[in-house]
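One chain follows as structure tokens, the form predicted on its own.
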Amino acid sequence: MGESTRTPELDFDVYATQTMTANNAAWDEVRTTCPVAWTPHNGGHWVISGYEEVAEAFRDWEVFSSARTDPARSSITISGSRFPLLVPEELDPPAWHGYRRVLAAMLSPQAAERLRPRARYWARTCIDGMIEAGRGELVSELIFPVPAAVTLEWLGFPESDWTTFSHAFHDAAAFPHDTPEYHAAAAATVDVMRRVTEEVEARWSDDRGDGLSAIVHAEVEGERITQEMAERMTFMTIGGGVDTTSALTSAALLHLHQHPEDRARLLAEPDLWDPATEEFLRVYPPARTHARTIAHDTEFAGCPMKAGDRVLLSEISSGRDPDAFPDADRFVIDRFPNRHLAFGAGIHRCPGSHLARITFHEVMHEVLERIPDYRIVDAEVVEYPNWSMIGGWAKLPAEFTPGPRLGD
């Protein structure tokens, strides 16, 4: 790109911080200094951190493009990618329209509501597996298995795949890139794609009435979806269903351990769950950042941006903007209104947000109903090694009063 003439410029590296607290502080400093600025790190890119600016950029897809222009690099991350093309996340109109309609129908509020009993069933089943012992590792025994089971059962993958799929997404975020565990997760991702291909092929002439069949037999612009696009849409649906809901649940369970006053209010006032969920999303957005590419020369917030420039939009920083949220650095359990951007905004707003909320509610309800006195073992908590894009915890060991299994 040559010497940068883009201004204003900040010394900001989104990958430099290794904890949630440090990452939040770094974003606060960027937003306070300049809500739109250029950083030379990670190949050079714009950083957008103010609430109004992030919301505007999310909505203006004609300038802030989601389309993947570099086959080797995802458009949603600033550097590196292990993902195939994500459909429809990495498409812009007109190609985006038909594929988005398929997912919108499959994950509408009414369709998502029909999956609530399965979310409740799997939450109860997972808690059954640990409740008699009075101790459990919440991430591996509850937080990841439940959304994985809900998503993969709905799609129609056999139960023998569920653990492999869950670990592939979790371990890629839970371990540093130079560890054997991370390399194993990368290898498992290849296995996930192989199984996606096999199951798509199996349904090509056999509509089994499941979610995967709905994708495979969908029509886009009057023509049947291609096998390649069906595979890519399936992979994105799995990742969104497994990873982001788990990140939110981890944050909420740790928060309620650290803030017993909020746990007490939720136990005493269950009507608070709706506003509390939105506040969890604001304070602990599962996806903390998304990248975009400038489609054509433009000026945004007084900054001259060039076609091809990369841009990092910050959901976490937008949610901490005091100009948009009074007491932005404080968790307010009954905050209203709450116009957070945790699921994005505009045409690329997360299509799975309804199912994510339902699964989150069912897991949290079962925890507070059956192990309300759970206590996280602080000395054994392990955070994700990097908070640049997805936030979460690798381990949340917990102790609680043993109780009875409920069974089927």
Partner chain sequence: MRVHVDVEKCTGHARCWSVAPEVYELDDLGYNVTAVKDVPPGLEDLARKGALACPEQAITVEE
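Everything numeric here is computed off the predicted structure, so don't read it as measured data. Numbering follows the first chain given and starts at 1.
A second form of this protein, the form predicted together with its partner chain, is not displayed here; the remarks below concern that form.
Q: Quick one: which of 359-367, 336-344, 35-43, 66-74 gets within 4.5 Å of its partner chain in the predicted complex, going by heavy atoms?
A: Heavy-atom contact with the partner occurs in 336-344.
Q: Tell me, out of D92, D128, E201, E278, which residue has a non-hydrogen atom within 4.5 angstroms of its partner chain in the predicted complex.
A: Checking each option against its partner chain in the predicted complex, the one that comes within 4.5 Å is E278.
Q: Which of Q258, Q110, S160, Q227 has a heavy atom within 4.5 Å of its partner chain in the predicted complex?
A: After the contact test, the surviving option is Q110.
Q: Is its partner chain in the predicted complex near all of A26, R320 and R330, within 4.5 Å of a heavy atom of each?
A: None of them does, since no heavy atom lies within 4.5 Å of the partner.
Q: So in the predicted complex, does R375 come within 4.5 Å of its partner chain, heavy atom to heavy atom?
A: Contact check for R375: no, nothing within 4.5 Å of its partner chain in the predicted complex.
Q: Given that its partner chain is not shown alongside this chain, does R101 nevertheless sit within 4.5 Å of it in the predicted complex, heavy atom to heavy atom?
A: R101: yes, in contact with its partner chain in the predicted complex.
Q: With the partner left out of view, is A187 within 4.5 angstroms of its partner chain in the predicted complex by any non-hydrogen atom?
A: Residue-level check for A187: no, no contact with its partner chain.
Q: Does any part of D274 reach within 4.5 Å of its partner chain in the predicted complex? Heavy atoms only, please.
A: D274: yes, in contact with its partner chain in the predicted complex.
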